[in-house]
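Have a look below at one chain only, the form predicted on its own, in structure tokens format.
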């Protein structure tokens, strides 16, 4: 069980460590990447040695983020020494990938905003009311009295933009918008973020066309899902937004995206309008929020689909 920390205590843990490994969760999105990179820039400004890790491929759409090239993926059997392992925006240990085995740290700190957090780390700062972990990182850096620069601000804004659906989801609060406004005063250009995030490559649009052909409805249209088969999957293409297409179809209460990324590994994204999909994801070792969650099923695509869809049956009896 984790020791729950205040922001000040979290800042002290970071200040006391010299070598820090920062880990973004698998199937990385703009919040885990932006939050982690902002923290990296801040800690390096304090003279810390920082190693960046994600046990997954990073979609090319995030290539504009300052410092994104600093990420590396630990090899199987690799051992990394550190004073502190910091896991960002992950609610469970499996979301950290192989870092939990690869990093030999004196302590593990988890900074997160998911209500399904499993308290897997030694220390935890959790704010389930925060729209994004990036919102927490902004407050943390202010608490640590770190002067924010444009790189930090850009990364934090990206996290806010991602997890609020460009500030249109219900998790957007007055504090979220106040944070975004403060970042604009530091020089962030909103169009730079939106242009990079919203412009689609030809390959992405072509893939979306193929994925939409798999659109399937169940339970009188209350459940809809799409899938990405292994022969179609391309780690360079950002597919996180694909689940939005079934999500916004009239009458759909739960939308899912199944994506097979390895021979026996399928990522599942859940979206809903009211049903708590975080509970469903948590039952498979994942987590998230009431209306947006995800998990990893260690099985091929069709087997994973069968397992998850069976779990939904009792909701629509």
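Keep in mind that what you see is a predicted model, and the values were worked out from it rather than measured. Positions refer to the first chain, counted from 1.
Same protein, other form: the form predicted in complex with a small molecule, not shown, and the subject of what follows.
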{"item": "Region of this chain that lies against the small molecule in the predicted bound form, out of 92-100, 136-144, 205-213, 175-183 [heavy atom, 4.5 Å]", "value": "92-100"}
{"item": "Contact residue in the predicted bound form, chosen from 261, 275, 292, 58 - any heavy atom within 4.5 Å of the small molecule", "value": "292"}
{"item": "Exercise: residue 296 in contact with the small molecule in the predicted bound form, heavy atom 4.5 Å", "value": "yes"}
{"item": "4.5 Å heavy atom contact, residue 288 to the small molecule in the predicted bound form", "value": "yes"}
{"item": "Residue 271 within 4.5 Å of the small molecule in the predicted bound form, heavy atoms", "value": "yes"}
{"item": "The small molecule contact in the predicted bound form: residue 267, any heavy atom under 4.5 Å", "value": "yes"}
